[in-house]
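You are given structure tokens for the same protein chain in two forms, set apart as structure 1 and structure 2.
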Structure 1
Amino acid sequence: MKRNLWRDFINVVIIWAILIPIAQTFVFWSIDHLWPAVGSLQGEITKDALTFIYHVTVMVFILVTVPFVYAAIVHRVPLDDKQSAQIHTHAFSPFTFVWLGVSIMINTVVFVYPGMVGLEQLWNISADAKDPLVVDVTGQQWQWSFSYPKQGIMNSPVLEVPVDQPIKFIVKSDDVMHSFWVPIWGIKQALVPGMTRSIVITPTEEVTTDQNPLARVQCSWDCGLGHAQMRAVVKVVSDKEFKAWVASQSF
């Protein structure tokens, strides 16, 4: 019995060794060809985190499913076996210890990176943002409005911002929970009724909603019947174009 378990264990390890590189190759390919565009410094950090977790998740999926599929195929009950099922209480220690060790290692690694490392990077970017452009964002069922206090612009239905400059979005809700999200920026902030919250984002690509639908403000919190239509146009433009837009809003 013990010899058979060792054989099964080695076979499972061999299958892992074959499938994991193949799966990881597919992961690299899908990230290069299928991953949505990213247009902010913060989005690059979240992309790094998500792609790392993507790699880990695929590996864990293979680690979990291979033993189950192997056992179901190799140790399946013959069709002519009419005996009652037996209770098996025997544990194979090498497999148990390997499984426990790999689980602890994966959880520890993910906690440190991208967990703690990614959060520190986001906090550092926010702390280093000197004199950011301030935009007040108000969400209410089911529309957005944007105000630029320093520029004297109030309640604009369009979010227009300059590229390569840190922007401090101060968000609040006039009614229920919402979530401020521009998909191409790869990060979002929840709007909690009665609370004022903020998030710093640095766009890195000139883009508009007409050019890329991912460059739009979209509520990502199910806030009622009109949730899906709670959108706003985004324009990320050059500094010169932004100043011209600000000047045009003064009249």
Structure 2
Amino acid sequence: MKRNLWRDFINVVIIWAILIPIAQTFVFWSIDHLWPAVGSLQGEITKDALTFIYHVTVMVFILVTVPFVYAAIVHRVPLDDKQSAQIHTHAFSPFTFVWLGVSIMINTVVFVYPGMVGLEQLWNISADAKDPLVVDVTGQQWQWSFSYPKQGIMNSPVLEVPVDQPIKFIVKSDDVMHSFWVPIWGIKQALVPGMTRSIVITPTEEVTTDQNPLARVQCSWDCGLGHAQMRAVVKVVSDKEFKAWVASQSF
């Protein structure tokens, strides 16, 4: 029995050509319909990164699995077969160079976009944020507190912020590691005890924890017993409402 490996290869190409568009359509659909809401500029950047990599990896998955699953099905022989496959070791050497080239290329692409480009964008938004609203975030076992030094608000248990403005969160912890994460904002920053770190986030969506549970502060670094419940309520409101809230807080 002689195999026609070129015909098999054409079959693989046909299967790729069928599966890849179907899978990519599914990826688009799932991002539109299943992906959780995103409510900040930074979150758009991280979501773009996730989406792009999702497209690329689904394609790579199909490119890699089809040939070997195909071989496992079509080139199968009965278990008591004793013949050797008799193919020369160095057959298909162009294949290896195509493989090498493609894998380096995909790597480079993913490194540049979304990697470097996304990082650059994140850094630029922080650098461009002139005179942002400053919020001091303190994490301690097991609660959050938020202070607004310029507004004179100390230790609010609720994080209330205005929409469409860059906000600089200065995060600190005095006990153990925590991590400041508002899932809907799509980005997090770890709190290292004894160190001060900051992160700029620009919410773009008016939303409260009641409306969407993704809009919550959630500690995302294991900090012991109360870690799971180390949450805080988030309210992203209009500038006017925010000013009113500030006024009601300061006596």
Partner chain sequence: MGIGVWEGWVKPSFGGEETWINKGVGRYFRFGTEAKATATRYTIFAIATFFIAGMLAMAIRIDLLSPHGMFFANKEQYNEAFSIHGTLMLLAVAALAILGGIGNFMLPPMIGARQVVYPKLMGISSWFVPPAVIAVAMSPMVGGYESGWMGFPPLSTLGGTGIIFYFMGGATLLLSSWAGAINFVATMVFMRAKGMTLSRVPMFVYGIASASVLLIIFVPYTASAFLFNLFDMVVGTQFYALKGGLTLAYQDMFWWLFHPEVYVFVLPAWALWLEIIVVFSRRSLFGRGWAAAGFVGIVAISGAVGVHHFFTQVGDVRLPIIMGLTEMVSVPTGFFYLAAIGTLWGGRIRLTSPMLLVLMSMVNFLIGGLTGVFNSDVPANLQIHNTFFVIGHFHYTILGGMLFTWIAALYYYFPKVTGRMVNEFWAKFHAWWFFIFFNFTFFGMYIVGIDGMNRRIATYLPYLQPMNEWISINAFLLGAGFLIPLVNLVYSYYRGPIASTNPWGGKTLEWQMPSPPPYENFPFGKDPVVVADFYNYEENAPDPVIWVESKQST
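Here, rigid core means the biggest group of C-alpha atoms that superpose within 1.5 Å across both forms. Residue numbering: structure 1 sequence, from 1. Keep in mind the model is a prediction, meaning the values are calculated, not measured.
Structure 1 is taken from the form predicted alone, while structure 2 is not. Taking 2 Å as the criterion, Asp81 counts as shifted between structures 1 and 2: its C-alpha moves by at least this amount when the rigid core is aligned.
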